[in-house]
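Shown here is one chain on its own, the form predicted on its own, set out as structure tokens.
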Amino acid sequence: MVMDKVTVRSPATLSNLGSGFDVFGMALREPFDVIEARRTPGRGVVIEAVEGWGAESITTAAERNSAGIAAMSVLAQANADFGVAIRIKKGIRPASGIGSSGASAAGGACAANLLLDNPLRPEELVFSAAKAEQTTSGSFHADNVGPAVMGGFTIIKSYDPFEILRVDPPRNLGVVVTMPDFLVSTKEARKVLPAQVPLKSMIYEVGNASSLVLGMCRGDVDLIGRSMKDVVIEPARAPLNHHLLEAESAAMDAGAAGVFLGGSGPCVIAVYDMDQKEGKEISAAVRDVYARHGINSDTWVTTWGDGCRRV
């Protein structure tokens, strides 16, 4: 039965996971955005309202809003003969490093898709959402929108032709997200990336990325954590992320299996084995680092999630 109105929950996501720049991504259980969409007469997309965390910084112009752009792309692909009105409730702060614009883009794509007579495939939704990310961040990348749409752990095998793969992470993979109270722009964080990478660094990255995938397939949280080391992207972005190395060291001392910078930052992500410990100690240790420097922070102790879902 075709629906006239739908609400979806679109999750925060982890990108890169250390060694997999623009390739690896993973959906979280929380936090998340909520996207409402309804059919309207005629064609086009309208953003009726944006509320929640950081809403004042988000445009309601559909052609510049990630949810609006993604929804427009889905409708165009499907040759839809109707329009869509969207309302966005942000549960993920913009410029957080955990896929805020990606969650909105994926939510807009998935919500519009649910209104279609003949829905598109998940891979097509990821592509539409990634095009929206290109508009808002300045580069075509699907490491956030991929897991936001499909859930679990995703790998962008190729951007041209576009191909995305998915696997369930280990059930006992715990995640601690710590978001300090300062902003890092994705566009600015991409400007500091190196144009060339030494062969030795490339070999190091490929080795870690390969073993991280093996850890996901084996269900080996320790191997996943040890494979999150990055010698290319994170060092370039560290100056934009105050006290990053200190926060990462505190997480490891508190029992994390691995730790890395979430996307462009400033979120610090720690993973741990939920069968062996709780994440509260890791959370407290990282928050204490920022508190000592007079910086407030928010924390989620969570795990991986299923991606965009109707609610």
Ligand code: HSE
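As the structure is a prediction and not an experimental result, all values here were calculated from the model. A residue's number is simply how far along the shown sequence it sits, counting from 1.
One more form of this protein exists, namely the form predicted in complex with L-homoserine (HSE); it is left out here, but the text below deals with it.
For the residues Arg237, Arg166, Lys131, Arg87, the 4.5 Å heavy atom test against L-homoserine (HSE) in the predicted bound form is passed only by Arg237. Remark: of stretches 64-72, 275-283, 256-264, 25-33, the one touching L-homoserine (HSE) in the predicted bound form is 256-264 (heavy atom within 4.5 Å).
Contact between His141 and L-homoserine (HSE) in the predicted bound form is found at the 4.5 Å heavy atom cutoff. Taking non-hydrogen atoms only, Arg190 approaches L-homoserine (HSE) to within 4.5 angstroms in the predicted bound form.
Using a 4.5 angstroms threshold between heavy atoms, Ser10 stays clear of L-homoserine (HSE) in the predicted bound form. Shown alone here, Thr186 lies within 4.5 Å of L-homoserine (HSE) in the predicted bound form, counting heavy atoms only. Residues in 46-71 all lack a heavy atom within 4.5 Å of L-homoserine (HSE) in the predicted bound form.
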